[in-house]
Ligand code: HEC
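Listed next as structure tokens is one chain, alone, in the form predicted alone.
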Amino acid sequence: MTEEENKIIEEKPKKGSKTVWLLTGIIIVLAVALIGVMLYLKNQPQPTRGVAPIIEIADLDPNSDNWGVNFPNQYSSLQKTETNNTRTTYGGSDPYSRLEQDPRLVELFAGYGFSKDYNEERGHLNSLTDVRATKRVNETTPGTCYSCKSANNPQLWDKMGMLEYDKTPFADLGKQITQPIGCANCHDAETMKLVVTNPALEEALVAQGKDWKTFTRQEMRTVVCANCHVEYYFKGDEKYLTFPWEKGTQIENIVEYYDEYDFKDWEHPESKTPMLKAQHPEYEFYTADSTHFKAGVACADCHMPYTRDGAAKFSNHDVHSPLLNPEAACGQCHTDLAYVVERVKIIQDDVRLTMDTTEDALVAAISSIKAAAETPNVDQALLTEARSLHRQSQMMWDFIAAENSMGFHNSQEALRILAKSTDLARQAQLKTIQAAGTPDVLQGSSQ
């Protein structure tokens, strides 16, 4: 090989090295630029909606009409709750009288407002109209009774604080309330995220060591319903809205809580028992290890199923019984809808039959306690025990009766509670025999 050829070979690697270094430099520059762009984008405000809003909604705006401008599908379906008065076998949204359907309720709630007026609830947009029309409201009613009835509430709670809100008389507070249940009860106006708006719910969760702001969106599709669909009571002279969850959310925990605080809603005029009235404990009942809850199903999956309007997918806000639209409500998970509907019927029929047995036992217990109290030389200590059994039994029965699913939300728990309630009612009867010293107290009662 000549000296000139060796010189060419030696120069080739040098030229290649320059090319490699040049390409490497270019790659490094591009990488640095890409990282810079990514950091810039990361620090920019993230969009909260897929589509820019038409109007800005004020924080805690109680008027759902304004929200409807940006979310017409959700709003138009919400509007249907005003007229969806359809009755199902054991509920629905037709405002029929429960007292006329089941006259035993008049006896069970004697001396309390529910013995005068107890109608099936209507849809969300009727909440304000119906609470003002009920015969259970009078001049002594506290403002607390508006707590689950209006989209004005989050704004009023923010302005007044819950203590001032609750102790304000119903009539006076009503002058500031104009809107039924609506968007502001469940959503953040800026992000549309589901939020806890009821201070009583937040206090109850905090007491359990829970922070709802850490919950997943799917969890919130159940928790947000607990703003209203829960057991609660009015605490103290200020009638402060309180969820009795301090000891747990099962019915035994709740009764224990009320017993410890020596709380009563009213005294039964015949048995003289210090009574408790359950509200609508859907959240506590459903989350007590029910089949659907353990499977990760949220309340909204069944009562507000996703639907489509053309290419738009949205949650249907026409909240009602899934039995009225099983294809949408149940069809996302179940293929044999005929089986599902029949299965629901079997469960609800079984619960209703068991509930009838429990009600008969309670009516008999009331009659026996009244008769024993009129017996000369009755053992007052044993009579007090009978009344305690009556109190526990009726609250357990009412936990299922007031819950809006006729046991379907948690069928095993419903039957367990009703069986225990029946047993307690019969124990109350037996205790009256011991108290009176004679079985005559059972005469005239259902045995």
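Keep in mind that what you see is a predicted model, and the values were worked out from it rather than measured. When you see a residue number, it is the position in the sequence shown, counting from 1.
Just so it is clear, the following notes concern the form predicted in complex with ligand HEC, a form of the same protein that is not shown.
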Inset, instruction - Please name which of the stretches 346-354, 251-259, 360-368, 203-211 has residues with heavy atoms lying within 4.5 Å of ligand HEC in the predicted bound form. - result: 346-354
Legend entry - Heavy atom of Phe408 within 4.5 Å of ligand HEC in the predicted bound form: yes
Inset, instruction - Answer for Thr291 alone: is it within 4.5 Å of ligand HEC in the predicted bound form, judged on heavy atom distances? - result: yes
Inset, instruction - Indicate whether ligand HEC has at least one heavy atom within 4.5 Å of a heavy atom of Cys333 in the predicted bound form. - result: yes
Inset, instruction - Answer yes if any heavy atom of Asn404 is within 4.5 Å of a heavy atom of ligand HEC in the predicted bound form; otherwise answer no. - result: yes
Legend entry - Heavy atom distance at most 4.5 Å to ligand HEC in the predicted bound form, all of Asp265, Lys272 and Ala372: no
Legend entry - Listed residue (Leu105, Cys299, Ile177, Val196) with a non-hydrogen atom within 4.5 angstroms of ligand HEC in the predicted bound form: Cys299
Inset, instruction - Select from the listed residues Ile181, Leu173, Leu276, Leu241 the one whose heavy atoms reach within 4.5 Å of ligand HEC in the predicted bound form. - result: Ile181
Legend entry - Residues in 299-322 with any heavy atom within 4.5 Å of ligand HEC in the predicted bound form: Cys299, Ala300, Asp301, Cys302, His303, Met304, Tyr306, Phe314, Ser315, His317, Val319, His320, Ser321, Pro322
